[in-house]
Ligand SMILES: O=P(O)(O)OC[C@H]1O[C@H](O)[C@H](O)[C@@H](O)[C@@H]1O
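One chain follows as structure tokens, the form predicted alone.
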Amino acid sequence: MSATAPRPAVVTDFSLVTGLSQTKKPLQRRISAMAGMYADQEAARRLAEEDVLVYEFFDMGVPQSSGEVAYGTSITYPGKVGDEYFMTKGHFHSVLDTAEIYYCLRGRGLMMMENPEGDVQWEEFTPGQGVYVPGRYAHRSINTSPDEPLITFFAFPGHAGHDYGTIESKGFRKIVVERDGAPAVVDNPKWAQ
């Protein structure tokens, strides 16, 4: 019987104000990588010329194996493409039955969730509130603030993986747009079955 070598603890710095780390470099998603995901393609094209930063997040390099916990922060910036709020790409987990938890540190917005069978749910993000995303649900963060980043801390099983391709090709059934100065959840005119 061989002994398993102990693994060192990991300490990570995150600012509670910005969500950023002084020691880790974030992964960034600019509008050019997401333009096709928005309903208003002309507005997305105009923003893509400036290549606006939509969101950034941290991959902490946790081993992608069972028993590990991946975690980090996600910062979705304020803005809109047409009347649709800035959002993350959204993803399923490659291991479909794995869940994820998000804890809102700052800002406000929505967590949009959808399972393969078509059940759509959304929950509000406000500071101090956690949103549990059940297994089998694709999920995306949406910033509904006009002037403040949406900053969340997230954690999920290390072996969960990410499936961005399904969302890139099909989208979500619902989108979040501004109507009369407030967020509204509406049918996605680009959703593909």
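Numbering starts at 1 and follows the sequence shown. Remember, it's a predicted structure, so these values are computed and weren't measured experimentally.
The discussion below concerns the form predicted in complex with the named molecule, not included here.
- Among 126-134, 43-51, 149-157, 61-69, mark the stretch whose residues have heavy atoms within 4.5 Å of the named molecule in the predicted complex. Careful reading of the contacts points to 149-157.
- Message: I'd like to check something about G79: if you look in the predicted complex, is any of its heavy atoms closer than or equal to 4.5 Å to a heavy atom of the named molecule?
- Response: Heavy-atom contact with the named molecule at 4.5 Å: absent for G79.
- Query: Applying a 4.5 Å heavy atom distance criterion, does Y102 contact the named molecule in the predicted complex?
  - Reply: Output for Y102 is yes: heavy atoms within 4.5 Å of the named molecule.
- Query: Does any heavy atom of T98 come within 4.5 Å of a heavy atom of the named molecule in the predicted complex?
  - Reply: Contact check for T98: no, nothing within 4.5 Å of the named molecule in the predicted complex.
- Message: Test of understanding: in the predicted complex, would Y55 fall inside 4.5 Å of the named molecule by heavy atoms?
- Response: Yes, Y55 sits close enough to the named molecule in the predicted complex that at least one of its heavy atoms falls within 4.5 Å.
- Message: Using a 4.5 Å cut-off on any heavy atom, which residues of 62-96 would contact the named molecule in the predicted complex?
- Response: S74, T88, K89, G90, H91, in sequence order.
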